[in-house]
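Shown below, as structure tokens, is a lone chain in the form predicted on its own; questions about how it binds or moves come after it.
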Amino acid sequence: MPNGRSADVVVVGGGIIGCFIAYYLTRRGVKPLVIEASGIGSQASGRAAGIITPSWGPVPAGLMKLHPATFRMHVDLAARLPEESGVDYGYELIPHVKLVFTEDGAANLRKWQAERLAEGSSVTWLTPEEARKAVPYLTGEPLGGVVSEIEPQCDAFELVRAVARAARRGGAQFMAGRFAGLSRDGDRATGVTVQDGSQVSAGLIVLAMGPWTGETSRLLEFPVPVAPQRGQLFTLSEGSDPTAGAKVGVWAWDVGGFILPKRIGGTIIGTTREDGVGFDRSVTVRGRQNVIAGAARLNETITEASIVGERACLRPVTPDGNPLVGPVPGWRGVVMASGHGGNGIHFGPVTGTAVADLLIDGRTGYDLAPFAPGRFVSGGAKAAGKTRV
């Protein structure tokens, strides 16, 4: 590729997954080039709620097996990443209370509690009276709930910024540009083309483009069913924040809605799960109404609250709820890492580590079989098994 740049590894996408991959590559002595279209963490990742938990919705069993490892990594990162990067990303561990308002919800939450207890986590069941004591600002009438202290939180944008800055300090480079295509020699990828016509040669390429990864289907010549799901979040004014300084987050687990006080960014309420909206990141009147209604199940004063901030993120979702992580069929040297839905912040560290392992060692100790990018092809598991980095 004459007149172009070169790198040992190119990571396409500067969201939380791409930045974590770059970060863990640098920790193993590799200096990747990250290509990002519109600014680090400026699309899906930086607009998320920043809840470091896999428990805000159903999580497939294969992905849940990675929870203990990625949770430990987050704890480790919280101890050193602010110093490595110079960025305080608001990490803190506060109680989370999940409440249920329906009998079906109570049965499902009991199952969730049993799973966490089996993992060795301390998750306590609450009666309605105990729930009101645990959440001083609760005005709703739940049937019960659980309290857990296994779900840290942070400011999502500041976390992406911290990981990117630490990666840069470790030798990673960042380049502005919109991905336009791949070049190859036979089945071996040789580089990336950017929309302005510039080219970057590389022997190893990672596609970590969040909800935009689905647009690579035609290029890669196999289905990549990653689609955007919009989630809207709102920040309450300090004067109408019902938490009154109580450091506890509360969820209407079965009917939707949460109130979450954060160390950085104030108290937020959320969230919607809107499919079929494409890449529209608009905050809508209907979305705002739905979020307020859900949060009002927990505290009735939310209906009169003043909103001082609003945002919408686009989660990359797949049909089966599992991400696409692993070698791309038919493209030697190309790895995909996308489709984490609302769990990208939580599973970012383990994904970054596993992909770095694949790129450097050709294998990883984490079980990525459920996440094979080729699983949606007819005979996908067999096809994916024949593909190597």
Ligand SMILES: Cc1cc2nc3c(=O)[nH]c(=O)nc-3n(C[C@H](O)[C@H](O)[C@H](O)COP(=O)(O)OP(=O)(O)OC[C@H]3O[C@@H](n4cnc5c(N)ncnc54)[C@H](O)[C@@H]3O)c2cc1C
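Owing to the predicted nature of the structure, the values given are computational and were not obtained by experimental measurement. Residue positions are given as counts along the sequence shown, with the first one as 1.
Beyond what is shown, the protein has a form predicted in complex with this ligand; the following relates to that form.
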The unique member of 72, 178, 133, 111 whose heavy atoms fall within 4.5 Å of this ligand in the predicted complex: 178
Option touching this ligand, based on a heavy atom within 4.5 Å in the predicted complex, out of 212, 253, 91, 157: 212
4.5 angstroms heavy atom contact with this ligand in the predicted complex for residue 233: yes
Partner contact for residue 68 in the predicted complex: this ligand, 4.5 angstroms, heavy atom: no
Partner proximity in the predicted complex: residue 356 to this ligand, non-hydrogen atom cutoff 4.5 Å: no
Any non-hydrogen atom of residue 42 within 4.5 angstroms of this ligand in the predicted complex: yes
Every residue of 14, 37 and 208 near this ligand in the predicted complex, heavy atom within 4.5 Å: yes
Heavy atom contact within 4.5 Å of this ligand in the predicted complex, the stretch among 178 to 186, 299 to 307, 242 to 250, 77 to 85: 178 to 186
Those residues of 271 to 288 which, in the predicted complex, come within 4.5 Å of this ligand by heavy atom: 271
